[in-house]
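Form predicted on its own, single chain, as C-alpha cells, below.
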Amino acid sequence: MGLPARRQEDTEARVAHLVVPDGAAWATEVRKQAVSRYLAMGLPERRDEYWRFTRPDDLNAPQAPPAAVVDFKEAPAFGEVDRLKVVFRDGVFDAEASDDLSCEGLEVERLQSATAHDIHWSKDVYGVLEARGQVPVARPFAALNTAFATDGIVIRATERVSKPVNLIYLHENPDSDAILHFAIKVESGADLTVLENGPAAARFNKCMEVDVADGGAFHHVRAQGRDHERRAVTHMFARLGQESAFKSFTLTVNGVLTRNEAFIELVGDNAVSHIAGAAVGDGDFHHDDTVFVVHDAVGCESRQVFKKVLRNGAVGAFQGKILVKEGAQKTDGYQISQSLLLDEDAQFLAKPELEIYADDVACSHGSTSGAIDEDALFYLQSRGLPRPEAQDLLVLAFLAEAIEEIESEDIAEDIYGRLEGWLQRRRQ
C-alpha cells in the first residue's frame, strides 16, 4: 500500500532539489536502494509511534529554516586534547583547516573519493548498517542521508590509534542545510576514538555507521551546542563483533530541535555497548534521544544512561528499547532515563521498553522525573553557598552518572567544564 497523497507529495518535495552523487556501480546501487527506502517510508508525522514526542515539521520542510550564527567567546570543545582535526564548514570538507591525517593504524578518506572506487573496504559498511537499522523502526532521514549525502569521510582503524579523530563542524551560513555521512570500520583488536563538536549548519542531517570487528573498541564523545537556533537529526548505527566494545556519550546544551537516534546490534558473544547522554535546556529547547539496542549473541552487556535538566518551557524526550532475541542468553541490559525539572513549565516525555525472547537474562529499565532536592539545596546554602550556585552544583551531581560513561578523564573534565560554563552564563 502506497503513502497517502499528501504525504507522498511532501516526501517528494523534501528531496526534489537534491541530487544523488555520482560514484562507482556499488555506491550508485546503495544510493538507489536508499532512495527507494525513503520514498516507501515517507516523511515522519506526529501520528507515527516514534515521532509522537517530537514535531518533525522543520526537518520535513524542503528548505532549512534559517539559524542565526552566534560568535561565542568560549573556546571550542576538546581544544586542549591532542587530536587529529577534520573540519567541515557548513557541511563541506575544509582541507586547509584540517590536519594532516596521516597516523599509524589509521586510514582516512573523503566520502566522495571512497565511493568512486570499484573496490573499497567501505562497501561493507556504507549504507549497509543503515539499511539493517530500518527494521523494525523506520528511519526515513537516515535513508535520505545515505541517498543524498555529498560529503563526509570514511575511517578505518587497523590497530590502536594514538590520537582521537575530531570532527569539527563550523556554521557560517544562516541558511545552510548540511548532509554528512561517515562510515567507520574498526578492525579486529584495533581501538579508535572519535570526537565531534560544533553546530554544523542551520539544519543538520548526519549519519554515522560504525562496524566494530571482534576484539575492537570504538569510543565516541560528542558536544552539541553553541548556535541555539540550529536544528539537527542525527543517526548512529553500530554493529559489534565478539568481545568488542562501543561507548558513546553526547552532551547537548543548546538547540531549538535536536533528535539523536541510535541503533546498536550486538552480534558477537561478550560484546559491550554503552550509550549515554546529558542535556541541559532553557526556553525553546526540544531534545529527543531515541535508542534501540538489539542483543543477538550470548553474554553481552548494554547500558543506556540519559539525564536531562530542563527549565523555562524546555522539553526533553527519551525513547529507549532493549530487544533480546531468542538465544541471546546471559544478556545484561540496563537502561535509565531521568530528568531534573527546574520549574513547572519544563516537560519530560519518556517511553522505556524491554522486549525479551530469552530466559536467562538480567534486564532493567527505569525512568524518573523530579525537582531539585530542597533538603540538599538547604544544606549547601547553610554552608554559605548562594542558592543559584548551590543549584548548579546539584545539577552537575545529577548529570554525573552519564558523564562517568566517558572513558577518558581528560575529555570528561572538558565536558564538566562546558556544563559549568553554560550554567554560569544562565545564572548571570
Partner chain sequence: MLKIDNLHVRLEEEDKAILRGVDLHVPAGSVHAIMGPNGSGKSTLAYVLSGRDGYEVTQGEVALEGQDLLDLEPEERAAAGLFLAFQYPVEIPGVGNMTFLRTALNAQRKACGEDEASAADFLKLIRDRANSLHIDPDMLKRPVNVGFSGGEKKRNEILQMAVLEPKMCVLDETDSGLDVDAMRLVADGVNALRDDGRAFLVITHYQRLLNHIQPDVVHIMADGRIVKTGGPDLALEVETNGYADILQEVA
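Residue numbers count along the first chain shown, from 1. Computed from a prediction, not measured in an experiment: that's the story for all the values here.
From this point on, the text means the form predicted together with the partner chain, which you will not see here.
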Exercise. Heavy atom within 4.5 Å of the partner chain in the predicted complex: which of Val35, Leu385, Val69, Ala61?
Worked result: Leu385
Exercise. How about Ala40: is it within 4.5 Å of the partner chain in the predicted complex, going by heavy atoms?
Worked result: no
For this session: Flag Asp375 as yes or no: does it have a non-hydrogen atom within 4.5 angstroms of any non-hydrogen atom of the partner chain in the predicted complex?
Result: yes
Exercise. Does the partner chain get within 4.5 angstroms of any non-hydrogen atom of Gln381 in the predicted complex?
Worked result: yes
Problem set entry | Location of the partner chain contact in the predicted complex, chosen stretch of 43-51, 25-33, 385-393, 61-69 [non-hydrogen atom, 4.5 Å] | 385-393
